[in-house]
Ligand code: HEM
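Shown here is one chain on its own, the form predicted alone, set out as structure tokens.
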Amino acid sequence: MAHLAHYKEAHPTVFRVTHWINLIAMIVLIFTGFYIHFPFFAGFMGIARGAHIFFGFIILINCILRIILAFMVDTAQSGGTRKVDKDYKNWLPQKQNRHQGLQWIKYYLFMKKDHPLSGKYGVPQKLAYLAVPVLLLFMGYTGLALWAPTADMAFFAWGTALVGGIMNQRIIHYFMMWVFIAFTMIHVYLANIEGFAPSKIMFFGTEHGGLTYDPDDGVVTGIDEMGHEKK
């Protein structure tokens, strides 16, 4: 079965920008995080710590901004359509992907050839993406609990005491880095399992033809060759 068309309405420019910011910040945070724990060359610790703190605030602010924008910006609720609605609806249960959790898991595990026709995000994607803001806020909390200017504040000192001290807090913060590394790898896989069209539109705004879809009726309505005859 052909795949759904990928239109710009599914990923407006403002969301592509926030996605780029997240990617850059994540790369810097992972690199500097590794360096802070395991300095593999001399003379870089001050820069690494400064960059780690700076980009930590960047990714937290970007996360909060993305949540706010989800209630303000219209996006397509499915591939293959230019019909738009408020973006936050993409993250909630939709009739387009209701009762499809097992089908999506089978598809991602190569036990099912064709993916279910559903919303812009499959069920496992929704669950993973909804967890990201929670994990980011938790990661930010543990980071601020370790940062000297905020570590002694009651709110952060309480958390450090709760987990048994500063060393345990460091271990938790470091472990969370691996959670985000694993999430990033899984995210790349889930986003590109059908091909690289989703990445092309996310990073470059490049649309890709395919099946057109009516999210109101939940049916395929035709095929859009993006101005080119099918060969």
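The structure presented is a predicted model; accordingly, all values stated were derived computationally and were not measured. We number the residues from 1 along the sequence you see.
Note that the form predicted together with this ligand isn't included here; everything after this is about it.
Just one of Y108, Y129, Y88, W147 comes within 4.5 Å of this ligand in the predicted bound form, counting any heavy atom, and that one is W147. Of the residues given (M177, L65, V163, I186), M177 alone sits with a heavy atom within 4.5 Å of this ligand in the predicted bound form. Within this chain, G33 lines the site of this ligand in the predicted bound form, having a heavy atom no more than 4.5 Å away. For the chain shown alone, F196 is not a contact residue for this ligand in the predicted bound form, no non-hydrogen atom being within 4.5 angstroms. Although the partner is absent here, F44 sits far enough away that none of its heavy atoms falls within 4.5 Å of this ligand in the predicted bound form.
Heavy atoms of F57 reach within 4.5 Å of this ligand in the predicted bound form, making it an interface residue. Every residue in the set R49, G140 and R170 has a non-hydrogen atom no more than 4.5 Å from this ligand in the predicted bound form. The stretch in contact with this ligand in the predicted bound form, judged by heavy atoms within 4.5 Å, is 35 to 43, chosen from 35 to 43, 200 to 208, 187 to 195, 66 to 74.
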